[in-house]
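Presented below, as structure tokens, is a lone chain in the form predicted alone.
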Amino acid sequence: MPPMQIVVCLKQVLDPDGVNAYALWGRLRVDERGTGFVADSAIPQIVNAYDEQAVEAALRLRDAGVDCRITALTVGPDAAAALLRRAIAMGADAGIHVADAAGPGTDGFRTAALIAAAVREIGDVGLVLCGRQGSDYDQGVVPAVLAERLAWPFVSMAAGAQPEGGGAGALRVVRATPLGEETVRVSLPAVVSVSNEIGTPRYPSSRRMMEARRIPPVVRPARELLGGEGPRAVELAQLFIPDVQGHCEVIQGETPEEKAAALLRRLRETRALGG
């Protein structure tokens, strides 16, 4: 029996910590079109953190005994191919770069269409893992739209996944919900979005990082996969940077009790608390 094909989707984003720091320093700028940031070289492009946790979820399935081949897939410009080397260094077997100069951007519907076309081209894929959302626009659209395009079941907010009965026909997925953990069973093929509750992804070894450089990704032009430009459902009209202001008030008091009482008085004065 051939190994199960697992596809893990990755997105390249500006480092959110760098973006936030530049915003606080007043150094973050929007480009002339008003639809993107001026990407300063000091803000690195990194793999979306949730997507790295999706790679970890795939590797844990292999660790649990699932005979599988893990393929990392990204949509974006040439620079996005660096994400695939990272995933391969972590333990993925191969990478596919859907070359799209426009990048994934804010149009999750078009990105999902490209991923669905690539998944169909791979053939016999049993599982697609995505991060729960992008850490740039935080929409979380792609996994659900992808599942709809593939006509597969979709499980969101996964904090863990294990094969049911040691086989590859179904998974038992632990979901993180506002009310606590929930365990569901999903038949494969399926799309699963992974949340940060799964834990810290493994760090690639130096040997794997060197080996990953010798495994070039398969490049598939976006126009070829879609037979043209493909659907465009979302257009970013305007991007702006809000004024970020910080104000800190130190609560005085000789003892913790006095400080707590002073804090309550201040909260009531500002009407943050009733009573």
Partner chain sequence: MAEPVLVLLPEPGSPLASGSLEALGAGRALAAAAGAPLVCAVLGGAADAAAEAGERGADRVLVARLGDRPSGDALVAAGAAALAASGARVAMVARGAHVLELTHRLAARLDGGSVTGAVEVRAAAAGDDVEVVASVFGGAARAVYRFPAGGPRVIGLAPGAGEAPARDATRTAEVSQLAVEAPADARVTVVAPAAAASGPRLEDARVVVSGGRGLKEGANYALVRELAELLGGMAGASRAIVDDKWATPAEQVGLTGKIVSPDLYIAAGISGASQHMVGCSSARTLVAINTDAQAPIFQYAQFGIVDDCTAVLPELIRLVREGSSRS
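Owing to the predicted nature of the structure, the values given are computational and were not obtained by experimental measurement. Numbering follows the first chain given and starts at 1. In this text, rigid core is short for the largest set of C-alphas that superpose within 1.5 Å between two forms.
What follows is about the form predicted together with the partner chain, which we do not show.
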Exercise. Give a yes/no on whether Glu121 approaches the partner chain to within 4.5 Å in the predicted complex, heavy atoms considered.
Key: no
Quiz prompt | is_contact(Gly228, the partner chain) in the predicted complex, heavy atom dist at most 4.5 Å | solution = no
Quiz item: With a 4.5 Å heavy atom cut-off, would you call Asp136 a contact of the partner chain in the predicted complex?
Solution: yes
Exercise. Flag Gly180 as yes or no: does it have a non-hydrogen atom within 4.5 angstroms of any non-hydrogen atom of the partner chain in the predicted complex?
Key: yes
Quiz item: Only one of 122-130, 87-95, 147-155, 73-81 gets a heavy atom within 4.5 Å of the partner chain in the predicted complex; which is it?
Solution: 147-155
Quiz item: Pick from Arg214, Arg33, Arg207, His247: which residue has any heavy atom within 4.5 angstroms of the partner chain in the predicted complex?
Solution: His247
Quiz item: Though the partner chain is not shown, can you say which of Val141, Ala159, Ala117, Ala99 has a heavy atom within 4.5 Å of it in the predicted complex?
Solution: Val141
Quiz item: Are there residues in 198-237 with a heavy atom within 4.5 Å of the partner chain in the predicted complex, and which are they, in order?
Solution: Arg232, Ala233, Val234, Glu235, Leu236, Ala237
Quiz prompt | Core-aligned C-alpha movement of Gly26 between the shown form and the other one reaching 2 Å | solution = yes
